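You are given structure tokens for the same protein chain in two forms, set apart as structure 1 and structure 2.
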Structure 1
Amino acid sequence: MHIADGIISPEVCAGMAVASAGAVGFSLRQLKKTETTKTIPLTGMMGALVFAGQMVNFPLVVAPVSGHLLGGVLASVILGPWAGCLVVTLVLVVQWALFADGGMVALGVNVFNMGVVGALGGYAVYAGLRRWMPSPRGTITSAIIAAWLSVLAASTMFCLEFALSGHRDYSLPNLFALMTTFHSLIGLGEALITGFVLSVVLDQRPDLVYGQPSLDIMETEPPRRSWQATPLRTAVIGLMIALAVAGFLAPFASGYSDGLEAVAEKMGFDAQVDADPQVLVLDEYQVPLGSEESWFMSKLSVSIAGIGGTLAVFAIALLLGRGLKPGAEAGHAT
């Protein structure tokens, strides 16, 4: 889903960059009003988890195509929509800056599709559904549906941006059909991951989920766990899980083209997708070790890159959180 430079026109990229900057800026202002001390470590944890999760491409089974977690709905359901949007934006910026994943000119497009549409739009769907299903099971069901729709919405946005870029040599109906077909399957993986992670968090510490009641006011249904998983401890555990995913699963991610790459190959604009990116640090998720032809060294290279990127996202998210003045503690549980 990460769009490289040269696919979307500079004019459309500029428009999307302005829209993304406005949405991210608004999210920052809203978060500054409601940020709590316990949100800061959880934001870092969620950023690390989303970054690591996006490194693990999974095969679609029914086609030689892969997909990966977007994480917008997962982050916004747990942290709230504003923090969720910022988490996805931070992940996208680190992916572009450190690993040249996604284009520099297209960064605003990627933020809009995955951060604004994926996180804010996905949360709006989740919130609307949850009104009709307020139970914990309904919360999970709402998140699963919203996660699936968020992937479809992001792929549809790409089709619209592609059309506005004036690519008249390509069949837009075919583009839309391919994008929605592949990403409806990728969305199933997104929905399953979102539902699983959310069910674990709701089982262990439901008060850490945005909008859920705080433990100190949960009189009728106390937590089943006796150990005290504070936000900081939860964040550390989440970071360890993210590092394990980046270190041990990412090197074995599916080698199939992802949804957008597969569509580009079928439509004939894959040369633009594969064009040399603007490299700031590394041109792929690999750290040069000098023996990449070795199977072990190539996997180790990806593992080191993943761990480094995960720690970078976690650290930047903590610094960003520190820069925001904590508001009322009750703001998290509204």
Structure 2
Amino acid sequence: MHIADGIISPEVCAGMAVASAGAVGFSLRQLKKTETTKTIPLTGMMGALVFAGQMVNFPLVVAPVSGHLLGGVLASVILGPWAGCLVVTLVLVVQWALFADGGMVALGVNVFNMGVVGALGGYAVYAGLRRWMPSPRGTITSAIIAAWLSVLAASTMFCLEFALSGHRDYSLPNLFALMTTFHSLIGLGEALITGFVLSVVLDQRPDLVYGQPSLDIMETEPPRRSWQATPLRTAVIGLMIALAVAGFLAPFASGYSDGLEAVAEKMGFDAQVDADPQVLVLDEYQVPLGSEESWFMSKLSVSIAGIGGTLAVFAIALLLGRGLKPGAEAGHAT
């Protein structure tokens, strides 16, 4: 998964390296502010652990291939976002310096994709979700979702960087579809491993998790209210899942029609395709954002159309659900 040299152009590498250096520097400063002398041993040991954990092979159905932990979200969940970003960065540096895994010029790109977007972004998702689900099970669920998204986000970043590198003769929407399909499977593995590992840690030493109450007897806290499926929470979680599916899968579905259009163009009857695309607002499930030629706009518009459609359906469902609420009549009686 590490990007080797030669894939991303040096200009993009330089830009990404500057961005990564800024983010890593910021993380260092945040750590210095909050932590005491413990930062160096804890972060270093976590890096060693993630490095060793990646050597544990998880067998797949296809026999000779196996997967392993990536560990970005796991490190963030245990040590917090800033140390998590550092851990991923350092693991990448050591892998480069010991195995020549991942390029030298491309190191900044790798750090950005996995450390900044993966660990910091993954932690943001995790922390946001955990607000809704503060129980241990909710913590695991949030981490699982964040781990899956972090892998997907890293692959999306790769596609963007590849596009910026100015290569010729490839189709970005299809490359995006290929990468996303592939990495949504990898992400599934990462999510599962992260969830399993975290459940072990929460079972044995819940105080190790960042932001979790300490086990110290001296600082007793009232027990946390366990998570309850209030209608609002259920609705929000359902909506988020639906939006994620719509946003991610909608562009794919149209990826095939892209291929069709390419064939049509070759055969010379592209005049018939998109004869009048702007009759309806959501014609062909696309919001008319710009020219049909620009791939990004077309993909983005499909995504927006998908998300908009989902929101509309959701709003209708909410309105309908209001009338069918089981407690409505009972409430009147009392």
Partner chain sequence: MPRDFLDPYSRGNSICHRLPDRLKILLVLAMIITALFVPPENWPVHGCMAAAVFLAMTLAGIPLRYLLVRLMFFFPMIMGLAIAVPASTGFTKGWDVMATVLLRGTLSFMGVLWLVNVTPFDRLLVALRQLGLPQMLAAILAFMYRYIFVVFDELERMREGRRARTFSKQGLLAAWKTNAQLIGMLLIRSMNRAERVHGAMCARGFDGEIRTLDS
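Between two forms, the rigid core is the largest collection of C-alphas that superpose within 1.5 Å. Predicted model only: the values in this text are computed from it and were never measured. Residue numbering: sequential along structure 1, first residue numbered 1.
Chemist: So which is the form predicted in complex with its partner chain here, 1 or 2?
Modeler: Note: form predicted in complex with its partner chain is structure 2; the other is not.
Chemist: Quick one: core overlaid, is Val56 moving 2 Å or more at the Cα between structures 1 and 2?
Modeler: Result for Val56: yes, a 2 Å-plus shift.
Chemist: Using a superposition on the rigid core, decide whether the Cα position of Ala19 changes by 2 angstroms or more between structures 1 and 2.
Modeler: Stays below the 2 Å threshold, so no.
Chemist: Once the rigid core is matched, what's the CA displacement of Gly44 between structures 1 and 2 in angstrom?
Modeler: For Gly44, the alpha-carbon shift amounts to 3.3 Å.
Chemist: Just grab the Cα shift of Ala312 between structures 1 and 2 for me, core aligned, in angstrom.
Modeler: After core superposition, the C-alpha of Ala312 moves 53.1 Å between structures 1 and 2.
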